[in-house]
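Just the one chain here, laid out as structure tokens, in the form predicted on its own.
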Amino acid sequence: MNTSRRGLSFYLLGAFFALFVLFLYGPTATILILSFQGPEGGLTFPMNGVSLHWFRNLFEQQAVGDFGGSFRRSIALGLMVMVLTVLFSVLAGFAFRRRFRGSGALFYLAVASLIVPSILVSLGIGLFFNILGLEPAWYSSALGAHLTWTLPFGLLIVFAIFNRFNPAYEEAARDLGATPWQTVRHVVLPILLPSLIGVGLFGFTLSYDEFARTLMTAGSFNTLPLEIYGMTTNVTTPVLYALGSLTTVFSFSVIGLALLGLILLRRHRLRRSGI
């Protein structure tokens, strides 16, 4: 049988995949290219020279936009969300390993925020803070709004991990005299660690670029997505593209560091096992 011949469906699926990749990465590539416009360049093609002018301009005093402050707030908020997402997801994973009364209703209540429009969650939390007489802020109300987005994903991932977790490891540790805490610390958590790194990365990235749930909850100080959105109405130079390019590079760098951490962790385990 000649296996080298490919049917029409192969080429149709290949063309569809190529269009998908173009749709996914085309805008990012366009912004990256236009961010290297010359000093007299505009927001569209054709290119008017090639330079790093707009990247340098990004770090100069701007008439509009607080790039540095909004970036630091987004990083801080993303890190807080990451830590809390991992912590609460792991604790919930341990709690749900044994069924208890109301566990099903509690689970569906926890993940229900995934189907609620994000802007309504943001509006509701912002109004709730106003009713309580509290000022919405990125480190309080926005933190809670982001957790309604990241925690359900963290819970689903951790529950899936525990569903395929082999309890024989814990039983072996207890047979060797380990206490419950020692079993968790030296057996369960090291096995779960690669997956928990993924949960943390998921939580950070979802928070870092979240716009809708931040819109009504950030208070007086913008996060980076809100700052970029505000710039689209009053910035008419490629400095906006330069900012987009830097944030894209930062996002890929975070993913790369997470993958590097997983590789180093795997090598460390192989050395300890003598393989």
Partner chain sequence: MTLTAETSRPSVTAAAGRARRPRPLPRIAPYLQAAPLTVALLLFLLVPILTIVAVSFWDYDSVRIYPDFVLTNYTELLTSPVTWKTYLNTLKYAALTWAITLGIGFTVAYFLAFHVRSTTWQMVLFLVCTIPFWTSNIIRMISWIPFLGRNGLLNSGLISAGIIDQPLEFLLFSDFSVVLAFVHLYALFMVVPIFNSMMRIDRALIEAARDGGASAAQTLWNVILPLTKPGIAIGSIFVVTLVMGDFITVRLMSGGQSASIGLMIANEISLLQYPAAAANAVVLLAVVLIMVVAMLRVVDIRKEL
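Think of the rigid core as the biggest set of C-alphas that the two forms share within 1.5 Å after superposition. Every value quoted in this text rests on a predicted model; they were computed, and no experiment measured them. Numbering follows the first chain given and starts at 1.
Just so it is clear, the following notes concern the form predicted together with its partner chain, a form of the same protein that is not shown.
In the predicted complex, at least one heavy atom of Leu43 sits within 4.5 Å of a heavy atom of its partner chain.
Using a 4.5 angstroms threshold between heavy atoms, Tyr241 counts as touching its partner chain in the predicted complex. At a distance threshold of 4.5 angstroms between non-hydrogen atoms, Val21 is in contact with its partner chain in the predicted complex. Remark: Phe211 counts among the residues lining its partner chain in the predicted complex, judged by a heavy atom distance of 4.5 Å or less. Each of Ala92, Phe107 and Ala110 comes within 4.5 Å of its partner chain in the predicted complex, counting any heavy atom. Listed residues Val187, Leu79, Leu193, Ala178 were compared with its partner chain in the predicted complex; Ala178 is the one with a heavy atom within 4.5 Å.
Contact residues in stretch 236 to 255 (any heavy atom within 4.5 Å of its partner chain, taken in the predicted complex) are Leu240, Tyr241, Gly244, Thr247, Thr248, Ser251, Phe252, Ile255. Core-superposed comparison between this form and the one not shown: the Cα of Ile263 travels less than 2 Å.
Tyr11: CA moves 2 Å or more between this form and the one not shown after rigid-core fitting.
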